[in-house]
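Below you will find one chain, with nothing else, as structure tokens; this is the form predicted alone, and questions on how it binds or moves follow later.
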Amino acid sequence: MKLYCLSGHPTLPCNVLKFKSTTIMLDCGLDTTAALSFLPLPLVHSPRLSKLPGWVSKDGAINLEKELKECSGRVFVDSQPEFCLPEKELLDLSTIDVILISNYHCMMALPYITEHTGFTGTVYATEPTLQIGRLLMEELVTFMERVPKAHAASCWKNKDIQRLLPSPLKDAADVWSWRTCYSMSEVNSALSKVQLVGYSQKVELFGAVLVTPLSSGYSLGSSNWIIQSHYEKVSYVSGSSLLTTHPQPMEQGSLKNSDVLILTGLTQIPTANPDGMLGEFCSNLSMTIRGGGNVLVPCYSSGVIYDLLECLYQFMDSANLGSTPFYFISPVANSSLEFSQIFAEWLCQNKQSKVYLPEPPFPHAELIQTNKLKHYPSIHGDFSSEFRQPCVVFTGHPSLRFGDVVHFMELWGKSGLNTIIFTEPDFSYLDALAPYQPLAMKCVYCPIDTRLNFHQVSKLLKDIQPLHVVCPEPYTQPPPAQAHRSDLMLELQPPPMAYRRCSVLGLPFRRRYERIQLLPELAKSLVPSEIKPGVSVATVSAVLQSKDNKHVLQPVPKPAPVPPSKKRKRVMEEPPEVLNPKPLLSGAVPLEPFLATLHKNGIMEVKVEETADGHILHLQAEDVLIQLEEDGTHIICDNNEPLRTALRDLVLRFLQKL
């Protein structure tokens, strides 16, 4: 059993498990942090960004003015933003049988895998994961296609040039695996390969293994996966939460008794408490609005935004924000808000019960009805005529490199009254802000990550007790910035097996058993013999048929009678000749009674020597050796067949024949 690790990002995993003749990809996360190396894509022409000087090395030897621009004291790539793909060279991706998706953030690289590697398998995901994943992909494609760039930059990726560039470009890893965004036709083709599954639904793969999704409690439709055969069990835990938010709670019981547990997607901000961050978010927002400023919240179009809107709904009246408009701007804003209301069976019990009242499970429906929350596909069109300030704007992309957020950064960045609040933990907020410096607007970092922290995961592992744990390398050591914090890492016995991008792990357990079915007519012919209390054994002669990883023992076919004929016929292929099996022997030869039997039969001179495995009997007059061992008896006798046969018969008196 092997695990191939194609992504080095702990919360955007992509691993391939080879298990019992099946090849299973676990998630295909897309690392969008690579986009931070690129200049923002403004929706409206930006004089500032269009007049940036090109970069030339100090000695003038390297001139990349067309590819690299200097902005706010840093160097950025001036082309369409690119993303870091999972590793494609480690194994042949066309051999992958299935892809299991754990949540909508971990499927963003799917079109690169299904459309460009010869993949012919099936993708399994829950319905909310598919539908919200489709929205996030559609949003990404729209952001890119709205602001096309004329040229692509690739010269800077040359190894000899890259190492001479200023940081952070010179430290960027795996730059040759960076790619521009896919197209909408590739998204549709990739998602047509998805087969929907429900929680606890067992899916059989080629008769070899069963895969089952379980609720992970992190987002709508998010799953952990159980991959099991008759005798082995692997659990894949990715992006799970024990907090009470909008999704169904995490199912823990089914993860017990795992041989191997693959653990990814823990919180990226282990020191931040999500409840505390929500409180800070609300207080900073109200302070800015009271001061007459605007609030910008760069966020994804699904997920934490539902909780933010719910929190604001409860907070607005007490903070006298009742008249402040909230704008949600995204190409998929409308669909995202509607989907969250219709996936009732994937929500927590409290929200499910509202559906039967009937009430919408999320309060943003009421905010929309009362015109407190308005949503628009972009800043163009209706938004520009209805927009009024001070206001709160939720929009993407959290990297601040593309999407409507770029326009608001240019519009509001110069005023100290305004505030930008970062709630998504995927990007370093300082790197995200770098091309907009110097900024007058206030910046607040309130990352909200509800995934498991190290304390919760240690408690979970104590409860479910897997034999072996496999996890990304960063989880086995404290964060570099807090090297003294041993509580921010996994400390387990035995220590977890760590992986990094491009590593191949041999998982530490061997398959020892296989299940075989006996046909009833064959079972009827068996004659069990009891060899010790409670243990019976029977010999069997049968034909083993293996098909679709299922093994069946069938009776040996009887040869068909050959009709008498004078004509010479072609020689028929004969069925295998069935020989009567030799009897199997069980038991042990006891030393003292065996010596007594030899004396009775006239063999007096016997020298006994004790060995590590048993005894050696030297019959001196006859010059014969008898080795009595736990699992066998050997009679060594030269040129005296009658004596050897007589001694064999004496040994057989003490053994049981089957």
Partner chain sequence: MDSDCLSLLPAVCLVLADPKQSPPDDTSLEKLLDWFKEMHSQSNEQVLLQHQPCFKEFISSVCTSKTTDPAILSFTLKLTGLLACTKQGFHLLEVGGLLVCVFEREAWFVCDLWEDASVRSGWLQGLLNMLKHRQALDFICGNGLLKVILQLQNDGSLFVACLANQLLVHILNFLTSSNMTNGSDAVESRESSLSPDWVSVSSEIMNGVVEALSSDDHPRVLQGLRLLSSVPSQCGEPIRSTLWKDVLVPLEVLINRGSESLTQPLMTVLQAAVRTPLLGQSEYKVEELLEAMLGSGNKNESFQCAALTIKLEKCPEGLKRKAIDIVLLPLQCVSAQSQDTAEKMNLALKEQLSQKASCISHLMQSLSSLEELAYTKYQFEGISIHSVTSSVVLLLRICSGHYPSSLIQNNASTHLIGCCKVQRCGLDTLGALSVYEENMNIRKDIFGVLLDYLKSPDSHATVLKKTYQATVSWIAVCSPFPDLLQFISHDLFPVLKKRMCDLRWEVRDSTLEFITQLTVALNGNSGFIEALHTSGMVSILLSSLADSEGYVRASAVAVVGEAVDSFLHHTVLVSKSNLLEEALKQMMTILSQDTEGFPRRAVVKAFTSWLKGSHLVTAVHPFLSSVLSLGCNDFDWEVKMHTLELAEVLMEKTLTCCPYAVQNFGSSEKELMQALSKLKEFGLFDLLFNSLFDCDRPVCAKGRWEF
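The shown structure was predicted, so the numbers you read here are calculated from the model rather than taken from an experiment. Residue numbers count along the first chain shown, from 1.
In what follows, reference is made to the form predicted in complex with the partner chain, a form of this protein that is not presented.
J.: Answer yes if any heavy atom of Q248 is within 4.5 Å of a heavy atom of the partner chain in the predicted complex; otherwise answer no.
T.: Looking in the predicted complex, residue contacts with the partner chain do not include Q248, since no heavy atom lies within 4.5 Å.
J.: Under a 4.5 Å heavy atom criterion, is R512 part of the interface with the partner chain in the predicted complex?
T.: Heavy-atom contact with the partner chain at 4.5 Å: absent for R512.
J.: Could you confirm whether D487 comes within 4.5 Å of the partner chain in the predicted complex, counting heavy atoms only?
T.: Answer yes; at least one heavy atom of D487 falls within 4.5 Å of the partner chain in the predicted complex.
J.: Please run the contact check for S318 against the partner chain in the predicted complex: heavy atoms, 4.5 angstroms, yes or no?
T.: Contact check for S318: yes, within 4.5 Å of the partner chain in the predicted complex.
J.: Could you work out which of L214, C311, L337, M497 is the residue within 4.5 angstroms of the partner chain in the predicted complex, going by heavy atoms?
T.: Among L214, C311, L337, M497, a heavy atom within 4.5 Å of the partner chain in the predicted complex occurs only for C311.
J.: Sort through S177, S286, S79, N294 and report the residue having a heavy atom within 4.5 Å of the partner chain in the predicted complex.
T.: Contact check passes for S286.
J.: Select, from the options 276-284, 355-363, 386-394, 518-526, the stretch whose residues sit within 4.5 angstroms of the partner chain in the predicted complex by heavy atom distance.
T.: Going through the listed ranges, the match is 276-284.
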